[in-house]
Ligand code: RIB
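Take a look at this one chain, the form predicted alone, written out in structure tokens.
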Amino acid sequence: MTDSEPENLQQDTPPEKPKRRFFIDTDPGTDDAVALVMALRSPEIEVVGISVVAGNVGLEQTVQNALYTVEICGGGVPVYVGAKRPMNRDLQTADLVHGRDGLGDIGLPLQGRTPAAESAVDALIAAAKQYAGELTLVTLGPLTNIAQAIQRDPSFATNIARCVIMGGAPDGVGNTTATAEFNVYVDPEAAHVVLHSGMPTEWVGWDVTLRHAMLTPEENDSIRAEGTPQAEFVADIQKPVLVLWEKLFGYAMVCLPDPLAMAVALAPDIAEHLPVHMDIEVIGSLTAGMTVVDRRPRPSDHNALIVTRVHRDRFIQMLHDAVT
């Protein structure tokens, strides 16, 4: 071996790929917690902050649930407190789905942790400025925090490089009303602000969830069988979802819309997208919160991407990878 060979070997070593930076807005929620685990344990991204909003349960509990999830994933990511109610409406929660504590009522110690002092809106605006043009924003709950950040600083929207939203029902079939998906229904005014802000948004809706993110009890058990604390956590908190689904439909399923959105954020090529013109119904007595999608071929009017298909086998593998 010559003296030059070590230098040549060093030059041939590929440089370490820089991590992508994510900011996550969430309202944990059993499926939100799974999505957080996917992000926090990904070796390819850096979660620079988590902002919390009221939604699946009240704000005090969603904050504690986010802090607990960060803790079981190793800690270190700041959690910021956001809006305790929608912009113009009373809060509607989904504790019937997620349990009274939001994480399945399985006896987890979900109290006593301290969030960051900075507000969610301040933290969102600061991160978007610091990482302008490169920050990915992933939203898993009502869009109240994001709309408030846009209203305070309109440049926030254009500083975001990519925004993946779990929200909406592009096929017009909702899960909270006949036409509205929960996250948009809770605060349609906020969703309207975000959609029309100029932010590049990708919507992972309830329709694609039903097609690609419903797990059988056996698939949920296979995740738990990975045997790590994170695997037991993400599988066990699904208990109320399994019970509710069986009560409503006669068979048990685990519903994971937020992890599906996180999978799209983590691996963009897992999904197929369709550019559309979309709007949010904020007035209708029967259709408030409906995501109205115009699929006509009018490219000049496109203002959003909707996800139409996700590779299910890859999604399931990502769930396993996150807990091993």
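Remember, predicted model here, so these are calculated numbers, not experimental data. Heads up: residue numbers just count along the shown sequence, starting at 1.
Keep in mind that the form predicted together with the ligand is missing from the display, and what follows is about it.
Checking 150-158, 78-86, 112-120, 175-183 against the ligand in the predicted complex, the stretch whose residues place heavy atoms within 4.5 Å of it is 175-183. For residue 234, no non-hydrogen atom is located within 4.5 Å of the ligand in the predicted complex, even though that partner is not displayed.
In the predicted complex, residue 289 stays away from the ligand, with no heavy atom inside 4.5 Å. In the predicted complex, the ligand sits within 4.5 Å of a heavy atom of residue 56. The ligand in the predicted complex comes within 4.5 Å of a heavy atom belonging to residue 140. For the options 124, 103, 166, 190, the one in contact with the ligand in the predicted complex, meaning a heavy atom within 4.5 Å, is 166. In this stretch, 195-229, the one residue having a heavy atom within 4.5 Å of the ligand in the predicted complex is 206; the partner itself is omitted from this view.
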